[in-house]
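The form predicted on its own is given below as one chain in structure tokens.
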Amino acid sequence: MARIQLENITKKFGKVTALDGISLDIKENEFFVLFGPAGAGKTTILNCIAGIQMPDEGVVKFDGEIMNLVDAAHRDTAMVFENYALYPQMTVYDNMASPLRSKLYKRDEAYIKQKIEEVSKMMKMDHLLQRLPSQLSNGQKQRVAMGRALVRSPRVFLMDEPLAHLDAKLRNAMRTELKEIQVNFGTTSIYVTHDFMEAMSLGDRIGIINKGKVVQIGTGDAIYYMPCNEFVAQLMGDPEINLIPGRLEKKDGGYTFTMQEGGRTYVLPKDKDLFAKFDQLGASAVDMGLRPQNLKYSFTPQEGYLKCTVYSYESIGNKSVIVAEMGGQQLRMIAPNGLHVKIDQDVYVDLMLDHSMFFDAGTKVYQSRYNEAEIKAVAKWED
């Protein structure tokens, strides 16, 4: 159990800056998720915490103690790698036992057997213990790698996309198991993923990482409903948020929004705090953000609805996604399964403006009814 602090961490590989002044404060016993696109620097952060790589600048602290000069073996971390890193000549049992047989963390064989039996049953792989890694599927190898980390009680668990190679059913089950494991073990956990659902379901807090920088930190709900910019808004959501370019105009004590594509003008719902923000910023060119669940559709003409055509219809499990097109603007909407939808047929779309977000068209920054201090307090937004 440890509080992990990174202060102004910079890491370069030649001319490439992988981490650019990263600062994080991860609380004791917290399940903290690092979320971002491929190549954002998430794995490099884990490696710097584990001691596998040394930062060029900045400080890594465990419970206030500077760890920069402590080698990886003595940091007492357990890491699950994306590429498994199993010993090919050892059985699953021996792979899982290897941390507890090392000189640093040596335990007696009775304890090792009890711990392996406990973890292997929990991860539904107790029937695999005498197999070699070459006899396992990728998903089974991933579970062994996780099990090897879980048999120890380290100061911090570091997990680099540990569910990436599991099948969909097992991945969903393991999300639940991971959260329960973390609560039961009471260990600080740092989890890397580029899967939105994993980040939302697992993290006590989420750190959004992009191009080696921290973009935003907060709870899943805080980031989802108050993304600091368009990048975060697009990242947090599946299907992706709709961004509709247009212009704001002040009228009769309120504001109107005119779509760039099609020129339709909407009167925004009364919101004095949001209108005061618009007055303060003086922004006129904006992108309006609407989540797919906040658009209504009809296949028959409706008053006030936009006439579009169906660009695509995709069933994704318990729901479907309709993509409607109007000129160059595409709009994504959630629909129930079982609809009979034809490509290029007419569909009529209504925007639920009371759920809209606004972003400055130039800076792409979120324009909200909250001031910067309130956003930082609620979402722990870091510049």
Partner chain sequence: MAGLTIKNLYKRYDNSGKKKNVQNDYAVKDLNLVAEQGEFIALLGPSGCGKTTTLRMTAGLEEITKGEIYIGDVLVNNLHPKDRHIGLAFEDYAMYPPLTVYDNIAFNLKAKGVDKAEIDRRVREIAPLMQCDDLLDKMPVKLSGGQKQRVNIARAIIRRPELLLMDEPLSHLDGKARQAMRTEIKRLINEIKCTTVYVTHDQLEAMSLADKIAIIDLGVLQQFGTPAEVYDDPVNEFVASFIGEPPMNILETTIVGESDHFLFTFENSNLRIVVPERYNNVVSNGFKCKVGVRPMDVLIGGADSKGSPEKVATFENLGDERRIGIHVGETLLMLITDDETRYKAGDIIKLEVRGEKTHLFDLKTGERIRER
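Residue numbers count along the first chain shown, from 1. By rigid core we mean the largest C-alpha set that fits within 1.5 Å across both forms. All values reported here derive from a predicted model rather than from experimental measurement.
A second form of this protein, the form predicted together with the partner chain, is not displayed here; the remarks below concern that form.
Asks: At the 4.5 Å heavy atom threshold, is Tyr225 in contact with the partner chain in the predicted complex?
Replies: Yes, contact at 4.5 Å.
Asks: Against the partner chain in the predicted complex, would Leu69 count as a contact residue? Criterion: heavy atoms within 4.5 Å.
Replies: Because no heavy atom of Leu69 falls inside 4.5 Å of the partner chain in the predicted complex, the answer is no.
Asks: Residue-level contact is defined here as any heavy atom of the residue lying within 4.5 Å of the partner chain in the predicted complex; does Arg205 satisfy this criterion?
Replies: Looking in the predicted complex, residue contacts with the partner chain do not include Arg205, since no heavy atom lies within 4.5 Å.
Asks: With the cut-off set at 4.5 Å between non-hydrogen atoms, does Lys213 touch the partner chain in the predicted complex?
Replies: Lys213: no contact with the partner chain in the predicted complex.
Asks: Which residue, Leu290, Leu128, Met200, Leu274, has a heavy atom that falls within 4.5 Å of the partner chain in the predicted complex?
Replies: Going through each option in turn, the one that passes is Met200.
Asks: Note which of Phe257, Tyr311, Tyr297, Tyr93 lies within 4.5 Å of the partner chain in the predicted complex, where distance is taken over heavy atoms; exactly one does.
Replies: Of Phe257, Tyr311, Tyr297, Tyr93, the residue with a heavy atom within 4.5 Å of the partner chain in the predicted complex is Tyr311.
Asks: Pick the stretch from 249-257, 274-282, 297-305, 177-185 whose residues have a heavy atom within 4.5 Å of the partner chain in the predicted complex.
Replies: Every other range fails; the passing one is 177-185.
Asks: Answer yes or no: in the predicted complex, does the partner chain come within 4.5 Å of a heavy atom in every one of Phe196, Gly317 and Asn337?
Replies: Affirmative, all three are within 4.5 Å.
Asks: Could you pull out the residues of 339-360 that have any heavy atom within 4.5 Å of the partner chain in the predicted complex?
Replies: Heavy-atom contacts within 4.5 Å come from Ile343, Asp344.
Asks: Indicate whether Gln130 shows a C-alpha shift of 2 Å or more between the shown form and the other one, with the rigid core used for the fit.
Replies: No, shifts by less than 2 Å.
Asks: Kindly check if the Cα atom of Ser102 is displaced 2 angstroms or more between the shown form and the other one relative to the superposed rigid core.
Replies: No, shifts by less than 2 Å.
Asks: Any CA movement of 2 Å or more for Met174 between the shown form and the other one, core superposed?
Replies: After core superposition, the C-alpha of Met174 moves 2 Å or more between the shown form and the other one.
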